[in-house]
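The data below hold one chain only, encoded as structure tokens and taken in the form predicted alone.
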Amino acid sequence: MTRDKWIRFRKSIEKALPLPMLLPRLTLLLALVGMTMPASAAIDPPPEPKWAIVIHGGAGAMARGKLSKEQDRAIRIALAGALDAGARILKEGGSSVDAVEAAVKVLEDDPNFNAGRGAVLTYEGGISLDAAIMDGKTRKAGAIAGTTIAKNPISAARKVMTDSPHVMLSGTGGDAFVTEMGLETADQAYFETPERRRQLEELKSKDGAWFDKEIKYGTVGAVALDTQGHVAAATSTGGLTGKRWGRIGDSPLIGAGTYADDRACAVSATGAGEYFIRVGVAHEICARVRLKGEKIVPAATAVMAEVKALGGDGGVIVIAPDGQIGWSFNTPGMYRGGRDSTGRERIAIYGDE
């Protein structure tokens, strides 16, 4: 029986029988014809979220037992705080761009993550920060690479998007832009933590060491969907411990570590940047969604498999205009969390969560 026929039949029965007599007969009828009825005729689908946000604080070797109870708790509190900041904007009808900037700023201000305060140190012992943001509605984007003074690099990246004719600024020019725009700045003492100094010294003590094998890619990021149906992505990082020669990873590169397109999805990545650049991870995921019609998580998983095949690791968070949210990573763990207007919420660290 088709759905239209079922509705007409039900209405005719309702006219003929009072409700007390109708209910038992309907129960029997449903049992008899349920196998042929469309599922939507019997059970309404869950409501689609009006807004949603997903965040990450990096991927890497954070397996169970690697973090102390205190570290585990602090990370989860920070992730919840970032979700709160972004969700507050989305609940009030704010834009996805505002939401991802607000969420990332919370994580930049927390020394537990490799972004803003608490960023890793370069080989020379300095600070070099990268960030990018993208609006899926217009595909406008802004990025900054190698800034040494922006207290919140993600806000500097947004300023590049809104107040300059460019997409990316770097180095001393980027710092000059930060100053000219009147953004809040900070010195080396604000960004550096004793733990980051220790990590650098340990790395430099190893002959021929390029990367920390126990690395936790503490890059932070957020993707969001607002009530107008638009998506956005933002990513911020201090890069790799001991990076040299002005190295820039995937985070500030539009299409590699950050991408947003209302026709597909929004992506923020974290991991071994050189591999994410070679694969073009963020754009590749969006292309699979837009051109092949794939769901976001299978698309992300397929692209992360490409990264793994080349020898890289890390993870991504993804969100689509229809409310799909998720993540994919090939490391023991990834700091991550998500929340939407239907009440769904999840905060996790380890791969088995």
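Residue indices: 1-based, along the sequence shown. Keep in mind it's a predicted model, so treat the numbers as computed, not measured.
Same protein, other form: the form predicted together with a small molecule, not shown, and the subject of what follows.
Name the stretch: of 169 to 177, 149 to 157, 104 to 112, 249 to 257, exactly one has residues whose heavy atoms fall within 4.5 Å of the small molecule in the model of the complex. That would be 249 to 257.
State the residue from L183, L240, A78, A141 whose non-hydrogen atoms include one within 4.5 Å of the small molecule in the model of the complex. That would be L240.
Taking the shortest heavy atom distance, is A272 within 4.5 Å of the small molecule in the model of the complex? So A272 counts as contacting the small molecule.
Mark T219 yes when one of its heavy atoms lies within 4.5 Å of a heavy atom of the small molecule in the model of the complex, and no otherwise. Residue-level check for T219: yes, a contact with the small molecule.
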